[in-house]
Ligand code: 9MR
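Take a look at this one chain, the form predicted on its own, written out in structure tokens.
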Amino acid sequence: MKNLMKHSYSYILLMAIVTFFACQTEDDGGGNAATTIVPSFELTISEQNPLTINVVNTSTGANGLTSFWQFRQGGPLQQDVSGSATHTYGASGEYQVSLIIQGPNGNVEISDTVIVDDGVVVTPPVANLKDATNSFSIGMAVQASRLTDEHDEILKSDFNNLTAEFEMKMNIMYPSQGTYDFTAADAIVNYGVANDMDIHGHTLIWHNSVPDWVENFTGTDEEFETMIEDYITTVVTRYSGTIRSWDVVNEAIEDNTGALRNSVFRTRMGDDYIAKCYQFARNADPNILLFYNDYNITFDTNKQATMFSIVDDLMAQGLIDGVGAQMHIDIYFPSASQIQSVVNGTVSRGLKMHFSELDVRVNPGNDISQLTEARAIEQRNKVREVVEIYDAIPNQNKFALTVWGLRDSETWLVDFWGQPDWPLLYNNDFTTKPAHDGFIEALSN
């Protein structure tokens, strides 16, 4: 198994190399010095978290002997293993770091002092995202073909909520009239159930996933509406008891103007098509959570106003449980206050908040050709900011924070923008990025 928690951006700020502080000479039984133990170690402080140190045993003459680390005076011993060891302190301060080697004639010990200072008090971060909180779900967008190999390892380790990236949309599940195809959706649901994960359905109605036969439906408007009711009922009923929530309508509002999109659903079913679709879903399964999901609602004030107007109408009819705010953002934008604005509007209405599609672009200006150290740190800081905002939501209004893709090579953003980017939490080799650290750090304060 790969070391999934390997940090690819760890930099040396402080190095203490101590040698020949103490030594022990073994006797081969004939009075001859056979081996000399010369204890030494290297100590570095991570730039990503100034409370984290990395130590490497560089001793000579100690092969085959057992060694231990002690990261504070009088603290517990941690057995040394091949490679580096990592320790994160819970608070700023001065600590004595010791390496203890069990020699044949008694222990040999070497010590040094390290000063760590983050300016804040934090607790040591846990390794896995889902273990960092029990107040909301940590979600990942998946495809049916990406549920094996390292994807499988990371999904089970880091996440407890799944969203289909595109395989639960109408053009996939209902490709031709009267013919449903649930192959991919079933695979995702079965995987989630087998691994005790929650599943968020995405999405029943979206103007960009309409099959041609629906776009060109030849029946009457009444027949069109009956067909949509049958579709929503069929899908929701099929996954009743396994899918806990659905984005019923996705991205129904135009950018900037706040007007409703003139989709086929609106033209055939009327301006109240949204409420009708939510009623169909509620009728099919009264126990699932129903969400409205959209992008740019953190900073597009017209869009946000229309979204909350739709939500208020649905609330009056008892047809909605939460709002999904897509977090397709970059390292510079939107601001924390803009993100907070959609949180405030959602929480004030007593609804659940879903940060539904998190990815953080580092190259919005197309001015880099590879991920730089500086941009990786800025991405980490932005991820931490987003997660801190979400974690501050009252528990009763929390739902899930969903990352939109695993590895940078699998993001949809490169094709969409036509330029390189590295917006996710994992490198192409499945190792974690500083952004992954930022996610955990936000939940460790």
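This one's a predicted model, so the numbers in the text were calculated from it and none came from an experiment. The numbering used is simple: start at 1 and walk along the sequence shown.
Below, we refer to the form predicted together with this ligand, which is not included among the displayed structures.
Contact check at 4.5 Å (heavy atoms) against this ligand in the predicted complex: all three of 169, 202 and 404 pass. The stretch in contact with this ligand in the predicted complex, judged by heavy atoms within 4.5 Å, is 160-168, chosen from 160-168, 343-351, 264-272, 306-314. Among residues of the shown chain, residue 191 is not one whose heavy atoms approach this ligand to within 4.5 Å in the predicted complex.
The closest heavy atom approach of residue 321 to this ligand in the predicted complex falls outside 4.5 Å. Under a 4.5 angstroms non-hydrogen atom cutoff, this ligand in the predicted complex has residue 328 among its neighbouring residues. Shown alone here, residue 412 lies within 4.5 Å of this ligand in the predicted complex, counting heavy atoms only. The single contact residue among 88, 143, 98, 128, judged by any heavy atom lying within 4.5 Å of this ligand in the predicted complex, is 143. With the partner omitted here, the residue from 182, 231, 136, 206 that has a non-hydrogen atom within 4.5 angstroms of this ligand in the predicted complex is 206. In the predicted complex, 357 is the single residue of 353-389 with at least one heavy atom within 4.5 Å of this ligand.
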